[in-house]
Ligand SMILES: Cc1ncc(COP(=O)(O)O)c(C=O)c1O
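Starting off, we have a lone chain in the form predicted on its own, written out as structure tokens.
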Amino acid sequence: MTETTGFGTRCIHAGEAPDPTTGAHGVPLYQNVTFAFETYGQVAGMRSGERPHFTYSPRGNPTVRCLEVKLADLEGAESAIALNSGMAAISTALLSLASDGGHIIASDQLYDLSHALLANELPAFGASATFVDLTDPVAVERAIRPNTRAIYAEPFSNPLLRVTDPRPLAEIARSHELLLVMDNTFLSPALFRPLEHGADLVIHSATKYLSGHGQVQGGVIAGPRRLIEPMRARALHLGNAISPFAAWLLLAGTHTLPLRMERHSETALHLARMLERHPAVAAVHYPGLASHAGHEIAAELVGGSEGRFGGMLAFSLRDGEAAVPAVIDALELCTIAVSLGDCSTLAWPWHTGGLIRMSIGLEDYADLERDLLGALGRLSPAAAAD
């Protein structure tokens, strides 16, 4: 699509066109594994690069390719690779950068499986990681080693929504010839595009907001072609190819991405403000709140005073961990479940500190407010009288 085409239009049209053979509107699902050649000459042309041709679905599939073109467009990247899970994307990217004895500087607040990969699996490949507060440039500089390859961050951390500004990290990365890699799962390209703020690579668990319906698993890496193509080869060797059916579902999910993210964000902000006033709540972690430590930076990153801050929030209870079961068990509309980015609201009791993480869905705000107020009201008469 052209640079002037709106983001919502690109979500629908980028990487897609009517099928040239049948005229089908929308990308067909090419569920087959292998692709036929008519002559040896076609095979030779494919091998020489003179005549591109799909061969074997793990090496490339028409449905998957359309998804990759769309996701690269949405992130403003030269290229993208779609993989079979978010962790496939994270592991492929980080192992490609560091598995030959490299070092990664990573945020000390990360998705738990990302942290485990860096802390427990990288050493088996001769690599290592150092975890620091990436909001502290001095700490980042001190962590750099001669073999450091990249800085790895989440713009809004999981689960506490700490805001990491990519701009100073990008300056540090450039001055030391490092790469800045950002996991943008919590925000999606509808709200934030890390490459526009100095990042070199962006990763998504497409299972979440890009899908939007909790029905498909996938992952994405987007960035310059010189970095993506070696990762594509590694992903093939590791067996991380996404299925055509998953890619087809993700294509459908992207069509409504900006509309969903707007609704997720609006409802989450309303609920965060309600929770902040509630006597049973000790703290609310949501960058859209003026009281949040990272609010000003977050507003700059996602669009100023009119910005949308995503659908993820977390809150801790004044009575601590002992109060969590009563609240969780009293929820009726909100589903007790892990993951995020679904149309329905998901609540998950964190393992420490009386913290509850919520992925706010697309239900009516009044219904979600009533459900949360009812659950919090189980804690004490004072809470019920909010």
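Quick caveat, the model's predicted, so the values are computed rather than measured. Don't overthink the numbering: it's just position in the shown sequence, from 1.
Form predicted in complex with the ligand: not shown, discussed below.
Looking at 275-283, 229-237, 212-220, 69-77, the stretch with residues near the ligand in the predicted bound form, meaning non-hydrogen atoms within 4.5 angstroms, turns out to be 212-220. The listed set Ser205, Thr92, Ser188, Thr254 contains one residue whose heavy atoms approach the ligand in the predicted bound form to within 4.5 Å, identified as Ser205.
The single contact residue among Thr267, Ser96, Ser316, Ser85, judged by any heavy atom lying within 4.5 Å of the ligand in the predicted bound form, is Ser85. In the predicted bound form, the ligand stays beyond 4.5 Å of every heavy atom belonging to Thr164.
Among heavy atoms of Cys334, none comes within 4.5 Å of the ligand in the predicted bound form. Shown alone here, Thr148 lies farther than 4.5 Å from the ligand in the predicted bound form, counting heavy atoms only.
Put simply, Ser243 is far from the ligand in the predicted bound form: not one heavy atom of it is within 4.5 Å. For the stretch 143-176, the set of residues having any non-hydrogen atom within 4.5 angstroms of the ligand in the predicted bound form comprises Glu154, Asn158, in sequence order.
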